[in-house]
Each structure stands twice: as C-alpha cells, then as structure tokens.
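We begin with a single chain expressed as structure tokens, specifically the form predicted on its own.
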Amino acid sequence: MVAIEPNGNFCSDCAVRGAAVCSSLDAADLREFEHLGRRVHFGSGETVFSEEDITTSFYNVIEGVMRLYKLLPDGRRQIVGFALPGDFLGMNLSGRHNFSADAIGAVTVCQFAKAPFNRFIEDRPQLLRRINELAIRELSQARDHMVLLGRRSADEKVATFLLGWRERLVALKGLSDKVPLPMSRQDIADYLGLTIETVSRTFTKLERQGVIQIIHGGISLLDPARVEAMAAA
C-alpha cells in the first residue's frame, strides 16, 4: 500500500544524500529544496509510474530497489534496468515516461512535482550539472545494456550482470563478496534477454565450477577474477 509522508526535514537524515541529485546543493538551497519533495513508500510489486503516462513528478530513490521495464507489442517484458538508492528517475524529453517502474520489496522515494522542481533548478547551475551527470551515467548504462543483449553467451551475460550489480552495490555499501539479488530469476532473465531456465542453469553451472555459491537472497563470489574474465570475454 502506498504511504505518503507530509513534507518535512527529510534531507538531514537522508542516507543517500551524497549520491542523490541534491548532493550539489549548499545548506541554504537544501532547506528550500526539501520543501519541494515528499517521501512516498511503496510496497512490494506496487507501481511507481507507468510507461506512456504523462510525467508529472520526478523521483529520487531513497531505499529499496525498483525494476524498470517496457512491454513489447507481443506482451513480453523487457527489463531495461534496476534502480538503486541515489538514482533519479522521470526526466525525459517527450513529457511521458518511456518505461514503467515498480517496487522490488519495500521502496521509499522522494517525489518532486515537475513544475516547481523545474522552476527551482532554473537559476542553480550546479544542480543542472548534477542532473546532467546522472543523465550521462544513465546513458552509459543503457549503452552497456545494449552490448549485453548482443551476441554474448549466457555465461558471459550472467557474469557481466553479477559483476555490474556488485559494482553498483559497492558504491553504496562498500566491497563485499556477498552479492544480494533482490530481483527474481525471471527479472534477471528479462534483463539479459534469456529464458528463466537458461538463467537457472547458468547459475547452477557457475556454482558447480566453483565460481559462485548460491546463498539465501543472493550469491557469494568465490572466484571474482574468473567472473571478471568471463565478463570481459
């Protein structure tokens, strides 16, 4: 069930402020900025926004993981990415969302109405630069995903996904060989352009080869160098 908190002093206790869109603001601007937003909580599986809906808000992920996806004309789902805390979603040129987003587990976002947000950034070039940085990062991730969907083996695709996901988590939580995977095997399959059976077989194969160990809620990297070599193939 979606729950909305009233406007308040959110920025002072924000765990991802250093990675969020507002990281470039000074204390005075930050006090004004936090009154533009509201914290919204989504339960597992709830939709945050839908493809082709008119964009009325922007979203900064604070807690949890979101799946971002498009529905193909034949009804299949293509996952285009997974959003983590610090990611900023909703900005586009068309004025409509170009993918859908829903919650994997509990998710909290800071939601900003589009019009007042746009007015706020007009005379704050540092915030515009930060938004551009996030947009460039998103474009780079999209290009990497296009390569990933290309002519690579299932082993290479899964290894690249695990390595990339681990690197994103390191930026948030620090280095660890344990890699939580909150998304389902079907989600991973829909991201990599594989079947769920192929993904499950590949995980089992990598575990049998001593590359990973499947643990509750994720995997443990037993041979990171081997995964890196497979991803670089």
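Everything numeric here is computed off the predicted structure, so don't read it as measured data. In case it trips you up, residue 1 is the first one in the sequence shown, and so on.
If you look for the form predicted in complex with another copy of the chain, you will not find it shown, but the lines that follow are about it.
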Out of 176 to 184, 161 to 169, 192 to 200, 30 to 38, where are the residues with a heavy atom within 4.5 Å of another copy of the chain in the predicted complex?
-> 192 to 200
Hey, in the predicted complex, does P125 get a heavy atom within 4.5 angstroms of another copy of the chain?
-> yes
Is the gap between A115 and another copy of the chain in the predicted complex 4.5 Å or less for some heavy atom pair?
-> no
Mark V80 yes when one of its heavy atoms lies within 4.5 Å of a heavy atom of another copy of the chain in the predicted complex, and no otherwise.
-> yes
May I ask you to state whether R129 is within 4.5 Å of another copy of the chain in the predicted complex, using heavy atom distances?
-> yes
Within 70 to 101, which residues have a heavy atom closer than or equal to 4.5 Å from another copy of the chain in the predicted complex?
-> K70, L72, P73, D74, R76, R77, Q78, V80, M91, N92, L93, N98, F99
